[in-house]
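What follows is a single chain, given as structure tokens, in the form predicted on its own.
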Amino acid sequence: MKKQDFVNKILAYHPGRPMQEIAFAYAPSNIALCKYWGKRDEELNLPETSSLSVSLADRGATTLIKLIDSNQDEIVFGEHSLSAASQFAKRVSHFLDLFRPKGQGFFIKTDTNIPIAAGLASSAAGFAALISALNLLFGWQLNNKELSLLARLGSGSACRSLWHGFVEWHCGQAQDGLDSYAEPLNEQWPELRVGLLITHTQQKPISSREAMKLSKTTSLYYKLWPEQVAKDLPILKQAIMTKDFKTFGEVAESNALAMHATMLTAKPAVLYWQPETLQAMYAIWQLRAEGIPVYFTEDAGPNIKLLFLAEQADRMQAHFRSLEIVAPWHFTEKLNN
């Protein structure tokens, strides 16, 4: 099935003309605890395995959208207008083609408070915010499950950025991809903290998409990856339910390292780590050796994310001076009040 056929199937009974002049939406970035790495269908962004993430509260993307009378989209990122020839603009415009009224362009303005293409799921937040804004602009009145299906077409991980808290992306089995969507876990962990140790904000040398494809097609260890996820995911969910932080941290860290092992054994090898990445890993392992419960995870980029509980926040801030501490459930409490 082609992307356009997939979109047409979901939007078959929804209006194709704008219901309001302008719309905007926010979506949080998300950090995978059990990773998404590898696709069973490139066209529809269908994953090999299920995955599980935690959202980063107020760290994410806000997107404004409106239609314009033009044969070319106008895309503004922060304060900068992007050239139509830029890779990011091309990717956004190709996604918008799936929803575009004939003969019209879109004006898009996206603001984000996380580094772009540095392993902090900026694309996930961006495409989740974009599909949410489109939903408002056209008055589709889609639910989050349907928006998750559509966001997945822009960036796989975007399907997890429609919610706050813990979110599971079901890999699904159907060829049409209608059973591959995300949904939130009915679990909260107010004491959990995610520490963003941002040492590099430069764009990474190889995209997640390319690194994923290279890992799957050339790494001898990739065949073990689905088995790793099948083992890790239920243990991780159980640890969340029982608030077993030690198991939670061990599994998240091991899963991240297993994903990077598939990259290191790809041909050519993909290595996102920088000297500061390794320095942070050794520091975290040393803290654990001293009896301090802290773990890490890392996506396709050089920046480490620390996992710890609120009682360790002051200690972590003192040890990692530049650490940005996120409290996911404090933000959701603000939203609900």
Ligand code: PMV
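Everything quoted here is computed from the prediction, not taken from an experiment. Residues carry their position along the shown sequence, with the first being 1.
If you look for the form predicted in complex with the named molecule, you will not find it shown, but the lines that follow are about it.
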**Prompt:** Counting only heavy atoms and a 4.5 Å cutoff, which of 106-114, 75-83, 170-178, 148-156 contacts the named molecule in the predicted complex?
**Reply:** 148-156
**Asked** Which of 65, 294, 32, 280 has a heavy atom within 4.5 Å of the named molecule in the predicted complex?
**Response** 32
**Message:** Would you classify residue 36 as touching the named molecule in the predicted complex, given a 4.5 Å non-hydrogen atom cut-off?
**Reply:** yes
**Item:** Contact test in the predicted complex: residue 192 vs the named molecule, heavy atoms, 4.5 Å
**Value:** no
**Prompt:** Might residue 212 be said to contact the named molecule in the predicted complex, defining contact as any heavy atom within 4.5 Å?
**Reply:** yes
**Message:** Quick check on residue 56: any heavy atom within 4.5 Å of the named molecule in the predicted complex?
**Reply:** no
**Request:** Let me know which residues along 272-289 have a heavy atom within 4.5 Å of the named molecule in the predicted complex, or say none if there are none.
**Result:** none
